[in-house]
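So here's one chain in two forms, each on its own in structure tokens, numbered structure 1 and structure 2.
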Structure 1
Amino acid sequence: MAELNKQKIADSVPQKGFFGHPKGLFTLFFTEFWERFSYYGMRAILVYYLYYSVSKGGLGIDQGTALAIASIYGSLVYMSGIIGGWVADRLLGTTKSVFIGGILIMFGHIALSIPGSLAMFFVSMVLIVLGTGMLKPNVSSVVGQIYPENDNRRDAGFSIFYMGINSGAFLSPLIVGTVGMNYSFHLGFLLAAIGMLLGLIVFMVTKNKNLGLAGSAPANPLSREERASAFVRIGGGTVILAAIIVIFVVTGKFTIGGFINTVAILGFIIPALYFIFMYFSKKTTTVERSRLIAYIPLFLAAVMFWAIQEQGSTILASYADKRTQLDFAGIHISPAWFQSLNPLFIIVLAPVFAWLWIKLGKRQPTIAQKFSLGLLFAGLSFLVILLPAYFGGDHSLVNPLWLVLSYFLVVIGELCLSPVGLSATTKLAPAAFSAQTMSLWFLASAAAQALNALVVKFYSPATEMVYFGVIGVASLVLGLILFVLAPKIQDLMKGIR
């Protein structure tokens, strides 16, 4: 990789061919489309599979525990991006990592499709967690590589890429959710596996022609000596971890509650250590250190935002199932369908935002200001959902349009924050840690869902006004603080906009 630089990589990619963007965007768009179809199809029915009774095809877990497990599942999925980013940067390169990740994800969904027990669920959990860690941050990192460094199309390209993500996420709750809720959870999980298989086919058939040198080699490869040492450390660590798990299981000391708390703590410790490691690395320049400092408040803002947004598949999924009037306008609504609202609104609005940022050009809000807008809309989405309980009490069924409005508001915030955050991460990343910094971006989601695993236990119909109110106000306050600090953050970015 030493002889490759960002410009040479971009020059190897056909620069016109997909809505005026590099041809590689086609490959990455549809790979991520099918990967998100599989993941969000699984997520659409996961929490119901966990807490529905065995007689209804579920595992019969207590609802509060099921919500926490679903949050921890999401946290581990994004936390594993550390592994995927390191493997891509030091061993395989991003494109090989994407392919291996897709294989693991597919087999994880196949494991879920086999009628079994909680043990089979944990097998699938390991496969999907590791697979998503290999694929998710690396496919996004390749998007950044196919553009020249100062290409004004980059933010718009990430918005188009983000629309591909959400197209898959929109269809999957309607298809997988309907099959899973009406026929069989396991058949729904099988459809998710088929979706990932289609994504792998698209990637392998088109990558050589469309991606050029993007992702073809590690950004910071291990030397022969470092490689041998790394394999020894990784192998030894894996054996020790496996031994600890076996001891806890055999002695009966392993508990789901303890597991949830452990992962929640790691969700905050790991990104902190990551920042420290990259900041003090000799491979990080003075300018890159300044940009990492600027990245910290953006990271914290992202944690707050995703803590709200990710509850769409846990708290709001339960709210749709237990608190919402599902017979509406002459049709019966499946509770899983509500999870299509978020990607549906993004599909509709993402082109508008892509056009808006290009239209505004240098007059558009700074990265930090866009993040602050994201937090303001996220807070409003939770404040809106507490109104039905205020007007109708905590026992009456709620008009589904309240949920629709809540999802709409959080999507406005997501379009201000998420594609901008992806783009900013590729710009602010130290050169030696490009894929790993993208992993750090996804650690914001890991930390958010780790936080959710601790707070969802405080939710109940009786406490929902306080629950939604406290979290919503906290997001508004943090958004205002970030807006005030935006000029200072911009200075620390050293020319990046």
Structure 2
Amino acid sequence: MAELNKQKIADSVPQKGFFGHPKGLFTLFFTEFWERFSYYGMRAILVYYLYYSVSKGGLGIDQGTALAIASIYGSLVYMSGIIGGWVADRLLGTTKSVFIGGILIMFGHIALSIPGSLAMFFVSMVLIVLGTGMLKPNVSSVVGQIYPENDNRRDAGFSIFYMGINSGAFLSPLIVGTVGMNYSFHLGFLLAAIGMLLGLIVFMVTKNKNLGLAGSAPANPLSREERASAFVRIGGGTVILAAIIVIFVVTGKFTIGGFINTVAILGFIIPALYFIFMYFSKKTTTVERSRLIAYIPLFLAAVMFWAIQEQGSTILASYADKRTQLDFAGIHISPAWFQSLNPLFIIVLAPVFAWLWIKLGKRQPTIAQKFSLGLLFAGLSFLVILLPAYFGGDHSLVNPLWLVLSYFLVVIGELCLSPVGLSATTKLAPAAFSAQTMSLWFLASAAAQALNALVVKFYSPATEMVYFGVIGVASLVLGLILFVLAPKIQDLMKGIR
């Protein structure tokens, strides 16, 4: 995007009106609030819906497969950001992509709200995966566009936006989760659909007034010739993919296990190709190549971190359901409510961390050191949750405060790694690829959940201690290695802090 254009876009956005921030932030905040409400609401009941028996309203899939499907689902949701980023950047612009994404998501939740079969679940999954890919990275990248160049409110704008994400994620397990677990899963999914509808309404009603030109046109549109060849390639690719799937289904070779393995492999191949492509691109300068090398260990650390964080809605969700005392302090706790803990701790502690980094100023840890702290706390969050089994065996029900402690620790790690990670990605990615940086960062979560799809099957109450122990220690060891490498990584970053 030309500099002039960037300025013109910022000039078209009313620069005040939302806590001293551009009015556009209101629109983006509430659109993403409701989108995350729908996503994390669905996520809070998803694994239970998959593995609860049919008589309890679920699909009755065996637990290991259910947890692997939920992981693959999460992986695809973040992988599809590449498609969404590309469509917005080259074809439709951000605003239209966000709108289409929201519609797909809403229909995805509606599909789940109709009592149905596993087939209906897969239809819904395709809609939500594509819809989130169209919406999430794009709505986040508009946040960066509504401020004039060098406006020092931008970082604060992203922090407010992050609060929107986590407020949606906090409320929905309490609402969608309670209704889904106590009345019917389908009613829960319907509430998720209504949430997305509200987000769409906010977006449509306020976008013209608040967002001005931001996102209205593709930043780097395809030329006529490029369009023709792109359509041929996309069309061809889709047909081949569909043919492969049909052949597998018809010949009876399609298995859920095979599907899980394929996506898991893609989860690693796609980011690897992305790196290779950026590294060897003629548009990448020598300094940028060095920064890309520095980014690789950070990316791998992010994969390890999100692998643990995302197990909060799979493995720990099952732990909440099966291993935890749910009648506690006179109330009956719904297992879905535990999903509100992560965003709650984020909302409470994010300002503390923002203050801490400012207070430490130049003495604050470097980017790589913050990432290693992220791994340290993620590792600890798994090590504490093996203690109840160590003290009490794997049969008795566990005090829920252990889970609270585990979610708390992972959040300390998340606050060291997640907000820093996104800005590090924007600083370290080569300029020619800046439009895709949001998608690049989400690929770490995609790879993480691809990895989870392969490992979650090793979890059972009987293997619990080994499971949490091995993954927890792996995270600690990687954190330590990263800490040792941190000065070297800092050199490779060539001046980025």
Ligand code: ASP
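The structure displayed is predicted, hence computed values, not measured ones. Throughout, residue numbering runs from 1 along the sequence of structure 1. Whichever C-alpha set is largest while still superposing within 1.5 Å between the two forms counts as the rigid core.
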| query | finding |
| --- | --- |
| Form predicted alone - which displayed structure it is | 1 |
| Displaced residue check between structure 1 and structure 2: F29, CA, 2 Å or over, core reference | yes |
| Threshold 2 Å Cα movement between structure 1 and structure 2 at T206, rigid core reference | yes |
| Rigid core superposition, P173 Cα moves 2 angstroms or more between structure 1 and structure 2 | no |
| Cα displacement of F99 between structure 1 and structure 2, core-superposed (Å) | 2.6 |
| Cα displacement of A156 between structure 1 and structure 2, core-superposed (Å) | 4.6 |
